[in-house]
Structure formats: C-alpha cells, structure tokens
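Consider the single chain below, provided in structure tokens and representing the form predicted alone.
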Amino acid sequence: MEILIYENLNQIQKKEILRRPAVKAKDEISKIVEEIIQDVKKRGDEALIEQALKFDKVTISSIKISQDSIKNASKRIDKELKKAIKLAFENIKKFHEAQIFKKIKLETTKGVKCELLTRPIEKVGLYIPGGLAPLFSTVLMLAIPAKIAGCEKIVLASPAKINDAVLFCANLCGVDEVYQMGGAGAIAALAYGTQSVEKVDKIFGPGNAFVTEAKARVSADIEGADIDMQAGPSEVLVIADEYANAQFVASDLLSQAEHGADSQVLLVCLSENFAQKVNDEVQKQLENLARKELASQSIVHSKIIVAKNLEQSLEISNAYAPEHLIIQTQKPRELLSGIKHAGSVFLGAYSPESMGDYASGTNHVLPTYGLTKTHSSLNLADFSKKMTVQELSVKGFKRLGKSVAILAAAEALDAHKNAVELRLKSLKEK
C-alpha cells in the first residue's frame, strides 16, 4: 500500500489521494441494461427464463420458488449455521424494533392540531446478489426491517440457483415470495412486474454494475419503482493510533478489500513506523486469503495516510466520508463527537466491521462513494413514509384565518385567500 505523509501534500494532492476509483456505467453497460429492461417489459417471464440460462448458466422452468423448495433448502442448512443466523436475526430485530416511529401530535396554536404519522411502503422488493459470495446476511438486513415496518408484500429476488442459506433466511424473516432471477432483468421485473412477479413500490439491495445501472433507470421512470440508494464499491477507513494492534488493523483493511477489485481501503495513522507495520501485516495476511486475487487488486488503489495527530485524522475522515469507519485508538469514543460523515462507525479494537456486517444488530446496507455526507445507513424509516395531519377547531381557524389570508394575498393566490375569507365571513354571519 502507498504510504503518504499528509502534511507534505498541497491542497490539490490532499483531494487527489481521497479520490475514489472512477465508477461510471460505460456506454456498453447502459446499452445492455436498456435492452434487458425492454425485453422483460415486453416478454416478462419468458425473457427472465432465457436470461437465467444466458447469464447464470441455469435452466429453469418457472420464476417463483415453491414453498416446498424453500422448506427443503432449510433442512439442508448446517445446525451451527442455523444457530448463528438466528442469533444475528434476534440482534438485528432488536435494534430495528427500537427504531419504530412514535407519532408526533401537538397544538401549534390553541385549536390547531398537527400530527406526523408513519405508514409502511406497501410492496417492497429485496435483491440479493448471487456470484462468488451468497449474501444471505443481506436477506436479514433487508427483510427484518421490512417486516417490522409492516410492509404488506415482501418479495425477494436472487439469481438461480439460489443458495440454501438465502432461502432459509427468507423463510425465517417471513418473506412472502421468492423469485429466481438476477441482474438487470430482476430489477426490471420488480419495477414493472411480469406474469409471475408482482410489481413493487421500492427496490432494496446491492448488486454489480448492471444491477446498479438498472436501479438508476427504473428509479428515474415514473412508471418504475423507487430504490433504497445508489451503491458504489465497498469502502473502509481506519483511524489508528500507536496503541492499535497492527495485526487487527490489517485484518480490518483486508476484510473490506476482499469484497471486490474496486473496493477501497484507507488507513489513517500517526507514524510512518506504524504505517509500515500494518503494510507488512497486510501482505502477510493477504497470502492466506481465498480471495487473494480480488483483495490484491483492491489494495493497489488503497492508501496509508500519516496524519500529525488525531484531530487531523478526523479531518481526513470527514473529507473522505467513508461507508465504514473503524476507530482503533486508546480512547475511541472521545473521537465520536468529531465524526461528521460515516455510514457505520466501529469503536475500539474489538469492534471489527465484520460484527456490523453480520450480527451486532446495525444494518450493513450503507451509502458509499461519499454519499454519507447526505445519506443515512439503511434503517426502519426507509421502509415507510410520513404523512402530516391537521385539524382546526372553529376557534383555531379564527385565530389563524386573518394571517393566512394576508399571506395568500401577498403571494397573489386569490383562491387560497378566498378559501379562508369565505369561511371567516360565514362565521361572522352566524
């Protein structure tokens, strides 16, 4: 990993070292995704079955997975894995149940009652990628809050052949229907519906460049579906002082690097000596990883930045706005108040990112690519929406009437003014 002394850099260089690898849908990807979406809109299930053979190399006869198949898959899961999944389930459930919105109701003026209520999104689609790593943990992260929020229809899509653990988690979380479909075609089916797939209102979940491009397209179409967020490659920034364990720090950097070649990991530490220790440890641990090739490609565009103190470390972190922020310092909680932008924060030597990815209870679906400056980590609120209510008594209406009429007149909205003055006149006549 490249080691850089932050104080030796000019302003342009400081910005450059925090630049993420370019993420851009190439013209070729855009064209392919558009063709796939139009094909699914036109031919529905038939197109999805052909895509399963073409992209996933699996022959299927139907899109929907039967309940018997889901139950049989659950029987094949190792007991220890089931036990671990259920522990994660309980922790995630507890944390998200604590986020249940409590309605707001108050009188802004005597006789003027205002309320803020929440209602679940009716139909949600959860996308779980296939590929090298079956992300069954993402089923828990998406389906548990959807269920707690009270979504009426929860469906899940994943490329054929769906991993048994994914089906087990779907069943455990109470998912209504599971579809064996993947990529841009799955996103199109969820957004527009097919013979077997019911159209949803909002789509959640990560995916490759084709999935990301498809999500962007359907969310821009008024007839499509909303999405959770545009997710770029995974990333982590670690802040470490001289008391940190170099072995632990290296393992945290690599746990993110193994996600993919375009993942980015950054270490901000306080000395060149510690930087070199971590760098050596990264190379040592890298040799024993099953996904060594992917992680190695990620490490190429990752960096170690030496800051002059912890205050400057926070400055660097806030400028980068990481998806995951790990703080391995002697007193990590003391830095928490200085953190402005991060998707999820991990405090201390024994809070590795892996805990949040699986079982601590927080959600692992997080904004990336600097979007933590404006976006939150996925939470219960994402599966619902808010609506306001107002109710005025006669006395409350009279107290506000004259002021509202003046405001409407000042904006030259006569009908707004009339809606108030006609009522005021009626009250006077009574």
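The model shown is predicted, which means the values in this text are computed figures rather than measured ones. Position 1 is the first residue in the sequence shown; the rest follow in order.
One more form of this protein exists, namely the form predicted in complex with a further copy of the same chain; it is left out here, but the text below deals with it.
- For the three residues Gln99, Leu347 and His375, a heavy atom within 4.5 Å of a further copy of the same chain turns up in the predicted complex in every case.
- The listed set Ser255, Ser196, Asn279, Gln312 contains one residue whose heavy atoms approach a further copy of the same chain in the predicted complex to within 4.5 Å, identified as Ser255.
- A heavy atom within 4.5 Å of a further copy of the same chain in the predicted complex is found for one listed residue only; from Val306, Val112, Met229, Ala73, this is Val112.
- Mapping the unseen interface onto this chain, Phe136 counts among the residues with a heavy atom inside 4.5 Å of a further copy of the same chain in the predicted complex.
- Not displayed here, a further copy of the same chain is kept clear of Ser61 by more than 4.5 Å at the level of heavy atoms in the predicted complex.
- Ser30 falls outside the set of residues with a heavy atom inside 4.5 Å of a further copy of the same chain in the predicted complex.
- Contact annotation for Leu427: at least one heavy atom lies within 4.5 Å of a further copy of the same chain in the predicted complex.
- Note on the interface: of 103-111, 205-213, 171-179, 269-277, the segment with non-hydrogen atoms within 4.5 angstroms of a further copy of the same chain in the predicted complex is 103-111.
- Taking a further copy of the same chain as positioned in the predicted complex, the residues of 53-88 that bring a heavy atom within 4.5 Å of it are, in sequence order, Glu80, Leu81, Ala84, Ile85, Leu87, Ala88.
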